[in-house]
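In structure tokens, the next block holds one chain alone, the form predicted alone.
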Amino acid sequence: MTATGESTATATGQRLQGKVALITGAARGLGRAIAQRFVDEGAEVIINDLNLAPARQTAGELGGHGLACDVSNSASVAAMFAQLQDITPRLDILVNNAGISGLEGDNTAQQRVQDMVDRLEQAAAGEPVETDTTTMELTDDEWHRMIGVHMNGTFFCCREALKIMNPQNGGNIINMGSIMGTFGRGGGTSYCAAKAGILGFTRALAHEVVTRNIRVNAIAPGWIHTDMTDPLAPMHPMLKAATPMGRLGDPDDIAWAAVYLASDEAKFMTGQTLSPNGGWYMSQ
């Protein structure tokens, strides 16, 4: 241990030395925090975003490379991986982090969040709870977009990554789940379904590729304070009260979990889900 109590491995930043990592949706939020910690630990990072400008900006700040694609589009993903192989012949780590909340660009988002708050308050007070019509009103396009970005995007990126990892007989894939995929919550059925699918996919793929020295794990974050959860600000006091640690998490709580899973410290971990959530949901 160092004088500050930090482990020597963490202090020297060598846990991912020489590794090449692609992180999707990494221009900001959790993805950027993961990319930052990967760089701190010696990795070369490739930053993906839907738009090239923010991907390049973040990559420039971290000394990496920026690539753009829509992860929900298989042709776009294949094109990005072709560009990736122009940058590097190998890929050691893939983090499937790209995601949406479903509230982006929704001019009714504020009212939808307030409706959720009202229902929680009614339930807590023992009053009749207003009917939640979210699933009844969910459109085909909204459903397909949620599944497309999360579930399809994870599959498309894994499929392309394995074309690199299989011949090199090694690799590490980290898929981003959520406590919503393990616990579930009304008002977000499409998001919960997508995240639950990712966790099942993670376990199945881990079985499939283990003989090729490829590990596949997932992270299921709890309530983390990012710009993605900012629209849920009216719910934050309730979420904190429901979390045994009494607070929302911060992006580093997830980034360090990713560092662990990507490092040799987790060499006996595959098909597993780590869930930094402050005790909001406890499993096993």
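Note that residue numbering follows the sequence shown and begins at 1. Since the structure is predicted, the reported quantities are computational estimates derived from the model, not experimental observations.
As for the form predicted in complex with a small molecule, it is not shown, yet the points below apply to it.
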query	finding
Proximity of A255 to the small molecule in the predicted bound form, heavy atoms at 4.5 Å	no
The small molecule contact at I174 in the predicted bound form, heavy atom, 4.5 Å	no
Non-hydrogen atom contact G42 with the small molecule in the predicted bound form at 4.5 angstroms	no
Proximity of R145 to the small molecule in the predicted bound form, heavy atoms at 4.5 Å	yes
Three-residue site G29, V71 and T229 fully in contact with the small molecule in the predicted bound form at 4.5 Å by heavy atom	yes
The unique member of V149, A206, A196, I164 whose heavy atoms fall within 4.5 Å of the small molecule in the predicted bound form	V149
Option from 86 to 94, 176 to 184, 116 to 124, 208 to 216 whose residues, in the predicted bound form, bring a heavy atom within 4.5 Å of the small molecule	176 to 184
